[in-house]
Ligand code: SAM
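The chain below stands alone and is given as structure tokens, in the form predicted alone.
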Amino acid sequence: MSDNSFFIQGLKEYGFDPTDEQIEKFIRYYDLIIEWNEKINLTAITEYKDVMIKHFLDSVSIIKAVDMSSVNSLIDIGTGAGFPGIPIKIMFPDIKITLLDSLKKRLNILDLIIDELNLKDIYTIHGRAEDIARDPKHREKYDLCVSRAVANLSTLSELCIPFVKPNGKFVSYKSEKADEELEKAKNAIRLLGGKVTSAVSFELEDNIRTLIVIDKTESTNKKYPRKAGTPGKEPL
């Protein structure tokens, strides 16, 4: 049995008081990721302690930037191996969560993991954000949109803000202080009906992490997002 004191301590430093069941779910989640990683690439980080810190603790660091008690519904764009959506679900079991990814094989594995961890009210959707954001079932339907996807903030904003209800939030997880990126994305964020309200930086295992919080102040113009591929090639 691995020593999990470092992980429990990390959660406590964020203000969590994790139950044994929650810790067991994280351990099982780790085992499942590693098991499936041999068949399909889910993560390049595979060491136990690294995954617990760099993926799981990082995912739930959202608590540093958002009052999660006001969040009922969340969508995770470009979820990959389920980050940050599944760790958030483990720590906040009452939030209804949707995981969106463009790779069906990955989502098939996430469905198995969700089942195995006995998580309720968490769903996967296969598709591109540009297409799904135009679906009335998902457009402006979420209190919170999160993404740890690697893309510039202008592109991510166009992919994510259309999913957020007016008065909801979009939080982008970034791997460094993001002042320059924020400056470049200001126009895009404004066009999409958003406003940057904070950028919370902190250290995690000697790495600087930044959570950029964007409030949705008004409805997104129907012309956004533009067609699939355009936000990445020609950021607003």
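The structure presented is a predicted model; accordingly, all values stated were derived computationally and were not measured. Heads up: residue numbers just count along the shown sequence, starting at 1.
One more form of this protein should be noted, the form predicted in complex with the named molecule, which is absent from this view; the next part is about it.
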Among 67 to 75, 97 to 105, 134 to 142, 111 to 119, the stretch whose residues bring a heavy atom within 4.5 Å of the named molecule in the model of the complex is 97 to 105
Contact test in the model of the complex: R148 vs the named molecule, heavy atoms, 4.5 Å: yes
Any non-hydrogen atom of R128 within 4.5 angstroms of the named molecule in the model of the complex:
yes
Checklist entry - Any chance L159 has a heavy atom within 4.5 Å of the named molecule in the model of the complex? => result yes
is_contact(P93, the named molecule) in the model of the complex, heavy atom dist at most 4.5 Å:
no
Within 65 to 89, the residues having any heavy atom within 4.5 Å of the named molecule in the model of the complex are G78, T79, G80, F83
